[in-house]
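This document starts with one chain, in the form predicted alone, laid out as structure tokens.
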């Protein structure tokens, strides 16, 4: 191992501080004489850039090679740069958004897709990805719900750990492996009113019960880096939050990896009002353990001054730099600054036939059949199909944060359907647009006429892909524009109508649900989305996705989630006046979502026939076995996610009405019965009490299976 202590002794303070700074690639490919524009705005000199330790937002492998080569020609100690980028749901071959991945409930699939992304990203010069994003979320208005895996803490934790494992693949030094950075620590998904970057005010109990566990799961899985969130958490921005960054992350959890700020998050401490100037901001961030400052210049401009003023010591600086150098060594960059990347190989590695096939599989496995009144699957013998809607022949269905993905390389629904049934007559009619301001109904007449002529109508509706993602929060999560009106008119013209919906978030679609016989939700499915739609509609693939996040009836229900507490007055008796009971119902739509967490249909019929416990009582240190008998009561093979829930009936804290404690996805052949078993121990019944202790309490629990909106079988269990 390289003697980094010796190396540190040879470095100037400016060289050390440079290792703690990251900037965009454009600063390193401009003319040496050009110090205007972005460089001047950041207060940088050419000498400052010479010392910078990491880069983000580069174009391709060729650019990485050129920047690294140019850097090493001038670097006095031959310390390589490290190159980082967001690889959220694919590099060039794009697979479904993370919220959709959660609907697969399939960690093997997520690992397989993430390995594909790692191989392509590494070939493109990426050495670190800002993935996984495991922010727990309950509000569909927030644009970044698309990057999470949903409203359940266990699912979020398992999905995040699977991504870490797949990207790193056991050894980040290997040329097809990529280091990971979990984000955004902490509770970024709890923003008030679902507005991005907004205030987060959450009790420590809620933080520990719901928001923190997924970050910890990724740390336990061996994640290399961690990124604090933009938001204030209980009044203090995360990057300056001593309790969060020191007491919890370092002391309690023992995280020993690198911490990197989010984009300009150090500089934004001024806007938050907790730092008077950039020097104060740099002091707060460095004090609380931020090793790398991304795209602001507090460290470069002020860290030396803070050391000279004895605010910090040389030893503290050396420890931070040592952490970064050791990370670069773990990546193998001192032996190979290019991490095995050969620019000429990038194109050949990406978008291969095998990768497209995997993306197609992923898109089909993550889709959720929300409703089916018997119309699906469609017959391949159909003669005339009306393909109607703004997304019927649209390439922009790959989703936000698609890294190097190209819209034009995606398969549209029209292309997928035409390949599936080449002998049928396909009428493609847009009908209307799908932006907020698309209120033109002049295309309705053509759409209705096509519907009348067709044997079956496939309606392709949804929000534009740019309507979800960072900075893209919405107050109205219904179908934008006049799409709902188009759907109602078309359904009236032809009762054999199927809706295929696309979005980066749950949508409020009660009118669609009331009028359309079948609804297939694809989320933003990626490069092979159109082919996956055809596979599902025509039965080549049996739908198996289950919602990872609830769909509300109306936006006014947000935030809405399955694992809520009861109130003291949970519901009104039938026909009781709202003025008598004063119960916790909305008077205009009720409390329940349109489709709850765990909802998702299949072309198979699965019957849950028995729930057995090996014992109806146990104590700490013991385990019981829970077995569930599931029968495929149909003539189709299918996949089913078997979910195990618990409810703590009486505790010192109010407890959720349901809590997912385990799940398994199984494949059951037609007519087959499978016994699915789970092991339950006392730790699975624990919660954070009002003293913030992680405890279980003796008493009665209910163990159930089914879905959040329909528990099928329940047994009592007593913890002694």
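These numbers were taken from a predicted model, which means no experiment stands behind them. Numbering follows the first chain given and starts at 1.
What comes next is about the form predicted in complex with a small molecule, which is not displayed.
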Would you mind picking out the stretch of 592-600, 166-174, 181-189, 245-253 that comes within 4.5 angstroms of the small molecule in the predicted complex, counting non-hydrogen atoms? 181-189
Output flag, 105, 365 and 551 jointly within 4.5 Å of the small molecule in the predicted complex, heavy atom basis: no
Name the residue from 502, 645, 211, 401 that puts a heavy atom within 4.5 Å of the small molecule in the predicted complex. 401
So which of 455, 415, 329, 86 reaches within 4.5 angstroms of the small molecule in the predicted complex, heavy atom to heavy atom? 86
Going by a heavy atom distance of 4.5 Å, is residue 263 a contact of the small molecule in the predicted complex? yes
When the contact criterion is heavy atoms within 4.5 Å, does residue 486 count as touching the small molecule in the predicted complex? no
Might residue 521 be said to contact the small molecule in the predicted complex, defining contact as any heavy atom within 4.5 Å? no
When the contact criterion is heavy atoms within 4.5 Å, does residue 657 count as touching the small molecule in the predicted complex? no
